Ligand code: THG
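Form predicted on its own, single chain, as C-alpha cells, below.
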C-alpha cells in the first residue's frame, strides 16, 4: 500500500478544493505548498477522456508573483535570458528563469499586463524569494508579492465550445499565448490561451478566492452535454507531448541549453539576465548533456519516483530517466531523460536501469506526438 498524504494547515487548499473533493479526486501531490490533484478515475482513463472531451483543472498551485512598479519590466528581464523587449501587453511568454550560474530556478509563464505590472505564473519552487532578493539588492522601484489569483485550466478538444458557451464565440479567436479580459457576473478575469497539455485550451486567472466555486459550477453546468469532467495534468499526455516538469526533468543543476530551451536564450536583452555570461560561454561551447525522449521496451514498470540511470553499450553511465509512463497511443513506455552528448544521438540504444530491473531503451526526439 502506498503511503498517504497527510493534509494540514501547512498544505494550502485552493478555491476549488471542495469541488475537487466532490468530483472524486483519488490522489494529490504538493506543489508550491498547495494541493494539486493527480488522478480522478485512473491515470489511463483520465488520459483517454482528456484527449476526447474537456476537463476543468484546479491548477491554483500555479501561484502568481506580481511585480508592480516603474522598474517591473527591468526586473523581469533580469530573471530570464528570453528577450522580452517586443512582448505585447496581451501576451504570455514561457520563460526559463536562471541563477547566477545559469542554473534553472523555474520555468514559469510570464503574463504581461503593461510595462509596470507583470504576473509570473510559477512552476513548483519558492521563486518569489529570489525575485524579492534581486529587487532589494538592486534597489529597484517595484513591489513583489503574491496576489489572490488562482488559475483554473480548461483543457481538451472541446474546450473551445465550453468556453464559448460562457464567454461568447469570440473567445475562440484568442491566439496561443495571448490573454484578454472576460466578464463573469460582476467580476473581470484574465483568460489566456495556454495550459499544461497539448490538447489545447485556456487558463482562467480567477481573482479573489471567493469567486472560485461559482465559476467552477458554471463551467460544469454549461458543459454537461460535452462530457465535462474534473481533471488534472496527466503524466502520460505530458510525456507524449514533451512537456517538461521542473523539479523532475530539470533542476538548478541544469541550464536552459541542457533542457532544450536554447531558442528562448536569444537576443540582445539576454545580456541583462542574471547568469548571462555563463550562458554565453555554454552557447559557444555547446551543452554537455541534453533532454531527450526515451522509448523503453518491456512490460509495465513501477513509477519513476527516483531517476533511473542510463547506461551505454560499454556499461558507462550516460544520463538518467526522470519521467516515464506507459503510452496507449504508442503501445510502449515513453520517457523523458537527460542524456550525455556522447550518447544523445536519435536512435541510439541504451540500457535503462529501472527500479524493476534493466530494460532496453532507445533515444528519441521530443515531443513524441
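The structure displayed is predicted, hence computed values, not measured ones. Positions refer to the first chain, counted from 1.
Just so you know, the form predicted together with (6S)-5,6,7,8-tetrahydrofolate (THG) exists too; it's not on screen, but the next bit is about it.
- For (6S)-5,6,7,8-tetrahydrofolate (THG) in the model of the complex, the listed stretch (103-111, 135-143, 279-287, 217-225) containing residues with heavy atoms inside 4.5 Å is 103-111.
- The partner is absent here; in the model of the complex, the one residue of 265, 162, 123, 191 having a heavy atom within 4.5 Å of (6S)-5,6,7,8-tetrahydrofolate (THG) is 123.
- Remark: residue 293 does not count among the residues lining (6S)-5,6,7,8-tetrahydrofolate (THG) in the model of the complex, judged by a heavy atom distance of 4.5 Å or less.
- Proximity of residue 31 to (6S)-5,6,7,8-tetrahydrofolate (THG) in the model of the complex falls within the 4.5 Å heavy atom cutoff.
- Using a 4.5 angstroms limit between non-hydrogen atoms, residue 82 touches (6S)-5,6,7,8-tetrahydrofolate (THG) in the model of the complex.
- Among residues of the shown chain, residue 195 is one whose heavy atoms approach (6S)-5,6,7,8-tetrahydrofolate (THG) to within 4.5 Å in the model of the complex.
- Residues of 201-228 lying near (6S)-5,6,7,8-tetrahydrofolate (THG) in the model of the complex, listed in sequence order, are 203, 205, the criterion being any heavy atom within 4.5 Å.
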